[in-house]
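Next comes just one chain, in C-alpha cells: the form predicted alone.
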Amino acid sequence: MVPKIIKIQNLIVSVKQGEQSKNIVDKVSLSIAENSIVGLVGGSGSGKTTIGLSIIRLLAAALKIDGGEILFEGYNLLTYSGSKMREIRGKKIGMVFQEPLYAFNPVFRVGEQINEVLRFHTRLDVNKRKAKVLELIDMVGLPYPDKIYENYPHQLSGGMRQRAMIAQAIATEPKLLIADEPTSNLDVTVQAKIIELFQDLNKKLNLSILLITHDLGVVSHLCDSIAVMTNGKIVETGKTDEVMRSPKDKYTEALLSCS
C-alpha cells in the first residue's frame, strides 16, 4: 500500500451565525497518497476551499475547527502552535491560491516575493537564493526569467502570474501542494499548459497535489483519484476514471451532466 502524505479524519469546521454555529465542513475524511494527484470537486459553497485552508491553518477568523484530525507525515497539524505551522506552511506544504493577482503583493517585484520564501525557509545566501528563483521561474515555463524576476505582478498576464505563484509554492520543494481553482480564470489553451505543468512537477519533484476545483474536465486529465463534495460532506470517492465512467451518487451524476 502506498503511504499517505496526508490523512484528514472527521474534520469539522463551523461558522458562527448569530448565537448559533453551522458546520460548513461536516465530518470529512480524505487521504492523499504520496506522489499522487487528488481532485476535490464540488460547487461553490460546498466547503472544498475550506478544507484546503484548514490544512495550512489559514481559515478566516469567523471559521473554527471543531473536531477531527489532519495528519501530515503522521503528525496532527491541528495540535501545532502558530510558529510551528509557519515552519510547515510554505516549506513542506505549498499553496496556489485561486487569484494570484491578489495573492501577490502589488508593491513588490515577483522575484522578490518568491525569494522571500527561500529567505524564510532556507539558509541559502543572497546570490544562491536569486539563482534558485531564476531556476524556478524557468522550471514553470516562464520566458526570460531575469525579466520576470524584475516585473511587478500587474505586468504579467493571468497565466504568467499563475505560473509565478506555482514557482513560489514549490520553491522549497514541498511534499504537498494545494492548488485552489488554479485554472478557473484562464482560457482553454493556458489551462492545458497549467495541467501539463502540474503533471510534470508531480513526476519531477515527487510532489503530491490536492487539486480543488469545480471543473471535472481538468480533473479527468490530471487527477489519479477524486473526491466529490457538496453541502460540507464528501459524497463519493474513487479512481477518477471509475467515478467519471460510473458515478454512484446523484450529485456526481449532476456534476458530470453539467460538464
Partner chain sequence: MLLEIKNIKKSFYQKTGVFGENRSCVKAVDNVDLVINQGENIGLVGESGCGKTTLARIVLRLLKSDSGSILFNGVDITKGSSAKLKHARRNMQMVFQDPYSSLDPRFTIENIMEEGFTLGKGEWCSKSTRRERIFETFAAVNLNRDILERYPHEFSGGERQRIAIARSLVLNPKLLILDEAVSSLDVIIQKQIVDLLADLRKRYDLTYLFISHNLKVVQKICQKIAVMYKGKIVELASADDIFKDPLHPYTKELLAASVEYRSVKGSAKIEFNDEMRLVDMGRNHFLLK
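What you see is a predicted model; the values in this text were computed from it and never measured. Numbering follows the first chain given and starts at 1.
Only in words, not in the display: the form predicted together with the partner chain, which the text now covers.
**Request:** Could you work out which of Leu186, Leu77, Ile88, Met139 is the residue within 4.5 angstroms of the partner chain in the model of the complex, going by heavy atoms?
**Result:** Here the answer is residue option Leu186.
**Request:** Report the stretch among 26-34, 64-72, 200-208, 44-52 that approaches the partner chain in the model of the complex to within 4.5 Å, counting heavy atoms only.
**Result:** Correct option: 44-52.
**Prompt:** Taking heavy atoms only, is Met160 within 4.5 angstroms of the partner chain in the model of the complex?
**Reply:** Contact check for Met160: yes, within 4.5 Å of the partner chain in the model of the complex.
**Prompt:** Taking heavy atoms and a 4.5 Å cut-off, does Val190 contact the partner chain in the model of the complex?
**Reply:** Close contact exists here: in the model of the complex, Val190 approaches the partner chain to within 4.5 Å, heavy atoms only.
**Prompt:** Does the partner chain come within 4.5 Å of any heavy atom of Phe120 in the model of the complex?
**Reply:** Judged by the heavy-atom cut-off of 4.5 Å, Phe120 is well away from the partner chain in the model of the complex.
**Prompt:** Any of the heavy atoms of Val2 lying within 4.5 Å of the partner chain in the model of the complex?
**Reply:** Contact with the partner chain, no.
**Request:** Select from 241-256 the residues with a non-hydrogen atom within 4.5 Å of the partner chain in the model of the complex and write them out in sequence order.
**Result:** Going through 241-256 in order - heavy atoms within 4.5 Å of the partner chain in the model of the complex - the hits are Tyr251, Ala254, Leu255.
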